[in-house]
Each structure stands twice: as C-alpha cells, then as structure tokens.
Ligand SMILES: NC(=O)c1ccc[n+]([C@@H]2O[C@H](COP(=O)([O-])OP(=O)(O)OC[C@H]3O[C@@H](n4cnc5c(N)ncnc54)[C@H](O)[C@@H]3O)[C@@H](O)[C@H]2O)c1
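Next up: just one chain, as structure tokens, the form predicted on its own.
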Amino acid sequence: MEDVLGFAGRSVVVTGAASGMGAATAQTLVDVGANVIALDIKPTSVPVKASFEVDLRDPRTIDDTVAHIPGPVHSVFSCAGLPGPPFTEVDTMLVNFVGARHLIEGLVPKMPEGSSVGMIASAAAVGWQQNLETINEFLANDTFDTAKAYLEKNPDVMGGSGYWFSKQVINAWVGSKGADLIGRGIRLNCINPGPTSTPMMPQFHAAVGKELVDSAMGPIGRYSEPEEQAWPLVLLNSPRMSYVTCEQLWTDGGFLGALTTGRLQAGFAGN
C-alpha cells in the first residue's frame, strides 16, 4: 500500500491492539509501513514489530512497559478501553483515561518534535462542555494515584457511568493538554466514534439496552466497522495533519450534526 500518510518507517505505539478498533488501527499501520509496537492485556494477532503485555489499571506495569519501549516514538494511538459493566466504574476510568494518560505522559520524553497522540473517545461524550467544571476538578488530580484516590472518594462525579465520564474527560483533556504538548511539537487529538461493531458491543447492549445504543447511530443508520474508525484515527495522527491539534473529530455517522440541528434525538445526550 502506498504511504500517502507518511507513516513508513515511523515507530508507533498502539494500545488495545488485541481486538476491536485497536487491532484494526494496528493492522492499518502495519499496512502503511509503520513499525508498530502493540500494547494490550492480551496477545494480538496483528503482525507487529513488538508487543508488550500491559494492564492500564496498574501504573507499575505501565512504567515497566514505557521503560522497555525504545525511542523515538513518533505516534501513540490510545485505543484500549473498557465498556463499563461488568467492570467497575473506577476500573473503567483507569483503563479508559487514567492509565492511558499515565502511559502517554511516560512516552512524551521519547517523542520528537512532529510527533502525535490520538485517542479514542466516544459519541457518548456529547455535551461534555456542560460538565467541564466537574471534569476540571477531576483533572487537577494529575497523577495516577491521586486520580484513582479521587474517583474512589468521589464516585458520584462519574454520574453512574465510568465509561461515559471517561469519554467526556478524554475530550476535555485533549483540548487542555494538547495546548501544552504542542509547545514540544507534539499534537494531541481524539476521535468520537458512533456505535461500532466490536467485541465490546454486546456488553454495551446488556448495560444500557440496544435501543439506547441505536439512538446514537446518526442518520447513516448503521453501526461502523472497526476499520472505519481506524482510518480516521490514523489520518488524524498522520504527519499530513500537522496543523491539527486539540481537536475532537466526530466519526459518528452524522450523529452530532443531526442532533445539533434537531434532526435527531438521543436519550443520553447531554446527560
């Protein structure tokens, strides 16, 4: 495949590379010639250059993994995530954001100017700006241990859903931390996918009901495939997007646009 995106020979880290959007992202990057380092709690079947087992709920394994990843790291693709139940709200927050943040910040010293970080949030984060005061209070806990302690002490901030809150937090952190990282020449962005046919989808259906998930499909009228989310994330992290940072790209089948203009309603919007 022709390397029109500028990834050939570049070293990239992909979390959650064993399944779903993470596996699709890792495979896409392999196809365009990147040297992929895969991180997951499980093995990946993607033919990557190297892989490490890491539990994003455990800062010790994160730090050990970071120490073993050689520099330079040109891009980080933060794709690992939990859907919420049957996992606890705190564990969901640790994997989806707290551990992801710890990993990214650990890799930053190995990232040269012109590098990039792309994260996967969710269309479930719609309306995150309305919750910014609470999000910023949480983000003030800027280490793994203090963030975990805050969540355990203040479970109500998650609104009953560690998944929902984690995706709101990702959107806010991208806008805020991205403004800091660009001073080092590192871009930080995220995508907000609509419902996607990944192995986690049955857990979403069981947790909140298929009807509620379907309400976030947008006018496109179907779930996306993992590859349809991998490509926008790869593009967003590409050197070709060198002027794009602190941004939230809605890869949601038209959900946000239709919702904003009154063409669509979703039961969870703004909650």
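Numbers for residues come from their place in the sequence shown, where the first is 1. Being a predicted model, the structure only gives us computed values, none of them experimental.
Beyond what is shown, the protein has a form predicted together with the named molecule; the following relates to that form.
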Quiz item: Tell me, which of 117, 100, 93, 121 has a heavy atom within 4.5 angstroms of the named molecule in the predicted complex?
Solution: 121
Exercise. Sort through 71, 199, 160, 86 and report the residue having a heavy atom within 4.5 Å of the named molecule in the predicted complex.
Key: 199
Quiz item: Is residue 29 close enough to the named molecule in the predicted complex to count, meaning some heavy atom within 4.5 Å?
Solution: no
Practice problem: Mark residue 178 yes when one of its heavy atoms lies within 4.5 Å of a heavy atom of the named molecule in the predicted complex, and no otherwise. | Solution: no
Quiz item: Are any of the heavy atoms in residue 60 no more than 4.5 Å from a heavy atom of the named molecule in the predicted complex?
Solution: no
Exercise. Report yes if any heavy atom of residue 41 sits within 4.5 Å of a heavy atom of the named molecule in the predicted complex; otherwise report no.
Key: yes
Quiz item: Check 131, 156 and 169: does every one of them have a heavy atom within 4.5 Å of the named molecule in the predicted complex?
Solution: no
Quiz item: In terms of non-hydrogen atoms within 4.5 angstroms, which of the given stretches 214 to 222, 47 to 55, 29 to 37, 238 to 246 touches the named molecule in the predicted complex?
Solution: 47 to 55
Quiz item: For the stretch 7 to 21, which residues lie within 4.5 Å of the named molecule in the predicted complex by non-hydrogen atom distance?
Solution: 16, 18, 19, 20, 21
